[in-house]
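Consider the single chain below, provided in structure tokens and representing the form predicted alone.
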Amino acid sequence: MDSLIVTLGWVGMYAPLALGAIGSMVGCARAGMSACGALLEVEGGYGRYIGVAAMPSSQSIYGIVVTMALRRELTVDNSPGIFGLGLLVGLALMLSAFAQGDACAASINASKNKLEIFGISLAPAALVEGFAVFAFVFALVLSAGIPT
């Protein structure tokens, strides 16, 4: 039973990195497909669409940092906390990246037809990023309370 608990600790330790990367991959793909479509319809400003398509990649960075914060010798005492925190933060990062990819795709589609709304059309994507930042910061704070 102890080995199962420690194994779950390993899962929790790497869950933020893995789930954040999965979410970033899907989010960037969704926004990137929209950017590719926009590139066919506009005459310039290609960099702005590709830059917006890369926005969901930040969840991978948050996942890497949380994984480093959770990194410690795993014991029966600290593995349940690492598993719970790591898995839940990883899920939050993954779902945030999915949603941000959709918001970025909508922004790209809206701004290709009406360039003057480019900045404001990014507001929903920025709001979604805010929730990823909340999960990231609270994971860092809460990880300090897990026994070493």
Partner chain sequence: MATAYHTVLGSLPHLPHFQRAERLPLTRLRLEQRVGMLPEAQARQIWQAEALVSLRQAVARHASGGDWLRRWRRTLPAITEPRLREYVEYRRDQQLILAALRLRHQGLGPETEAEIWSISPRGRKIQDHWHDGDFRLAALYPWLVEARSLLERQDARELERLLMDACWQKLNRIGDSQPLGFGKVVAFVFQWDIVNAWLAHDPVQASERFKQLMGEIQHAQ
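Note that the structure is predicted; figures quoted are calculated from it, not measured. Numbering follows the first chain given and starts at 1.
Form predicted together with the partner chain: not shown, discussed below.
The three marked residues, Thr7, Val11 and Ser79, fail to reach the partner chain in the predicted bound form, with no heavy atom of any inside 4.5 Å. With the partner chain omitted here, the record of contacts in the predicted bound form names 35-43 of 35-43, 52-60, 117-125, 81-89, defined by a heavy atom within 4.5 Å. Of the heavy atoms in Ile64, none are within 4.5 Å of the partner chain in the predicted bound form. Not displayed here, the partner chain is kept clear of Leu95 by more than 4.5 Å at the level of heavy atoms in the predicted bound form.
Of the heavy atoms in Ala105, some are within 4.5 Å of the partner chain in the predicted bound form. Along 8-30, residues Val26, Ala29, Arg30 each place a heavy atom within 4.5 Å of the partner chain in the predicted bound form.
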